[in-house]
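Taking the form predicted alone, here's one chain by itself in structure tokens.
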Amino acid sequence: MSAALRSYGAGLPARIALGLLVPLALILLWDHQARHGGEHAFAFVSAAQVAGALRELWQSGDLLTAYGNSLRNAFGGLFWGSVTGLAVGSAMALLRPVDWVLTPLYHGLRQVPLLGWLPLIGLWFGSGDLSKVIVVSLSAFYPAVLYTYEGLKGVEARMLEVGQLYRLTPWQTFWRIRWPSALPSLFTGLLQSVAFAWIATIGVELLFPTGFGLGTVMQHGQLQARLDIVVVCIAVVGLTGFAINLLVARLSRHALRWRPVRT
């Protein structure tokens, strides 16, 4: 789509406007259903009600407090899960004995849904922030391991042969050949880890009642039959996920600017 728009000379403002068409249409449809939906109107809230709930949460400070707590859990889990996944994936890709030992275990454990780990983690660590960070770390860990492993193992043989021709040491081969070749896969894994970490953060806040995050605010809104508060939280969660994904994608394009651009 973006390539087609560039070919027609459309600039960034035009692309942003086109990207907003569907969300705006859905908001207008939702608002119309809330105002004129008849017997089904109870399942919707008007845009004015949502704006009122947003103002209420903002003035009370609950939104900022919950948002900050959710971001802290998300980025804490993302950091530990990604770093550990990068280390484990690298060891599996570069050290054959480690690959033999850990690969069956990794593929077995990652088949267990995150929800399946919650009772065990809750019994071991309680239902506080530590348990939430552990769950988020697991959600980021699995894609980090997979894409690190695939990136480092997928280096073309002819490039490794060039390294042997120049008598590069194992460290030089890793730093000059394997690492640059694996970067696209690593950034893909980071994108996956970011998305899973943010989703897991909200999910675990909904399931673990302690603490105060966006998931907790959503749960309170549900218990109070405050659909407007739930919609505010959903909007904040979606916009934040979109913004984080966009940031990582831009970082990826900047780091990989040496690669030829595909049209």
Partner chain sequence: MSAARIDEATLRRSVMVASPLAVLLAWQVLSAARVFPPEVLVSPQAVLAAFGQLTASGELARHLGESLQRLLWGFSIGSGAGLLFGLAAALSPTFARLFDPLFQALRQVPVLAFIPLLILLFGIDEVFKIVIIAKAAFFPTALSTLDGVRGVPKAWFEVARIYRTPLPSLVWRVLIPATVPAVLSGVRLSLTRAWLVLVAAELIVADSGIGQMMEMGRQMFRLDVVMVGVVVCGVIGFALDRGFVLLQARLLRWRAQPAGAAA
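Residue numbers count along the first chain shown, from 1. Only the largest set of C-alpha atoms that superpose within 1.5 Å between the two forms is called the rigid core. None of these values were measured; they are calculated from a predicted model.
Not pictured, yet referred to below: the form predicted in complex with the partner chain.
Proximity of A25, A47 and L138 to the partner chain in the predicted bound form is absent: no residue of the three has a non-hydrogen atom within 4.5 angstroms. In the predicted bound form, the partner chain stays beyond 4.5 Å of every heavy atom belonging to G52. For L114, a non-hydrogen atom is located within 4.5 Å of the partner chain in the predicted bound form, even though that partner is not displayed. For L105, a non-hydrogen atom is located within 4.5 Å of the partner chain in the predicted bound form, even though that partner is not displayed. In the predicted bound form, the partner chain lies within 4.5 Å of some heavy atom of L123. In the predicted bound form, the residues of 228-245 lying within 4.5 Å of the partner chain by at least one heavy atom are, in order, V230, V231, I234, V237, G238, G241, F242, N245. After superposition on the rigid core, displacement of the C-alpha of A243 between this form and the one not shown stays below 2 Å.
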